[in-house]
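Take a look at this single chain, the form predicted alone, given in C-alpha cells.
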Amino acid sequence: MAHIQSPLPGTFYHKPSPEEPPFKAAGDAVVVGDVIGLVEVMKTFIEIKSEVAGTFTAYAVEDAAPVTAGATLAELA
C-alpha cells in the first residue's frame, strides 16, 4: 500500500471546485502524475500529484480539512 502525502501545510480539497466530483474515487486507476487533490495555502491552490501508480483506495482526510506537511492525504493499493 502506498500513501500520498502533503508536501506543505494548508487546506486539502478532494474536488477541483465544490460543484465537481472528486478527483479520484475508490477503485480508480492512478498513474504517476495524476492529480488527486488540491492544497490551498494563502488563496493559492497547489495540485497534489501522485508519484506512484496503483489503485486508489481512499482519501485519508476529509474534504476541506486542514493538513500538515507530511500528512497522509490518500492511499493507493
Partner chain sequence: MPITRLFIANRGEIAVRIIRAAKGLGITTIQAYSEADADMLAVRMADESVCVGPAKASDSYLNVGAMVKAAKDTGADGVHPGYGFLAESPAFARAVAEAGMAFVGPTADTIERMGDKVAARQAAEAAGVPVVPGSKGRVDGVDAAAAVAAEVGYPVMIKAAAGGGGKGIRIATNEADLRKMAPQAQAEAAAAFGDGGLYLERAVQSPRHIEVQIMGDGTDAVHFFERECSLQRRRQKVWEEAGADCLDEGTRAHLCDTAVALAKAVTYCGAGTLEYLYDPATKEFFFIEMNTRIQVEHPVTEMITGVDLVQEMIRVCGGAKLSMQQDEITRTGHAIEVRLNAEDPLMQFMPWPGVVGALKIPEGDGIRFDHFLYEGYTIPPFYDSLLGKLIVHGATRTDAIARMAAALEELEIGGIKTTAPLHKALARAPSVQADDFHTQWLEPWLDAGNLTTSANGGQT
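Since we're looking at a predicted model, the values are computed, not measured. Residue numbers count along the first chain shown, from 1.
From this point on, the text means the form predicted together with the partner chain, which you will not see here.
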- prompt: Is residue 55 close enough to the partner chain in the predicted bound form to count, meaning some heavy atom within 4.5 Å?
  reply: no
field: 4.5 angstroms heavy atom contact with the partner chain in the predicted bound form for residue 77
entry: no
- prompt: Hey, in the predicted bound form, does residue 29 get a heavy atom within 4.5 angstroms of the partner chain?
  reply: no
- prompt: Applying a 4.5 Å heavy atom distance criterion, does residue 41 contact the partner chain in the predicted bound form?
  reply: yes
